[in-house]
Ligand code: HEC
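A lone chain, given as structure tokens: the form predicted alone.
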Amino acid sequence: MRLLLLVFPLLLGAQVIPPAKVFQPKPPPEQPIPFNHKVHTGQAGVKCLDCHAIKDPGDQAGFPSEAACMGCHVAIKKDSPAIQKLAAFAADKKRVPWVRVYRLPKTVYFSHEVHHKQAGVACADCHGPVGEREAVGLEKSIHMAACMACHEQRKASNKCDLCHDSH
């Protein structure tokens, strides 16, 4: 019956916002090196895009290179065990194996370029107030219903093929 309620309006050309799943925030995962966003954004004045650059084609906001981190940490807290671990990754030209907090299903296409740079959606709208956190956990829903509600609020399209491949 539920499937019929979702499919019938589609046959009539109407858009349907799926029922929202109950969102359960998740605590921060254990990271290979502790990273305090609050210290970096508050005390050091680092902005989201300073570390999480959106490069062409704009699908993802990246992670900073270890060498970029060492640009400051060659002098700041260089005796810290965590910074020494970071320095070892940088010296070996290896990536820190950060544990991802937000991950969309492979069936979803999302562009940071379109959302942040073009539409002006703030990072905190999707990721929560990361700059206020010592450690980042999943605190905002990225389920389809949440995305569609945001699109509806901002008068953006909710057509299926905007986020899902129609092939």
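Since the model is a prediction, treat every value here as computed from it, not as a measurement. When you see a residue number, it is the position in the sequence shown, counting from 1.
We do not show the form predicted in complex with the ligand, though everything after this point is about it.
Taking non-hydrogen atoms only, R103 approaches the ligand to within 4.5 angstroms in the model of the complex. Proximity of L86 to the ligand in the model of the complex: non-hydrogen atoms within 4.5 Å are present.
In the model of the complex, the ligand lies within 4.5 Å of some heavy atom of G62. Within this chain, K55 is remote from the site of the ligand in the model of the complex, having no heavy atom within 4.5 Å. Contacts between stretch 87-115 and the ligand, counted in the model of the complex as any heavy atom lying within 4.5 Å, involve W98, V99, R100, V101, Y102, R103, L104, P105, V108, Y109, F110, S111, H112, V114, H115, listed in sequence order.
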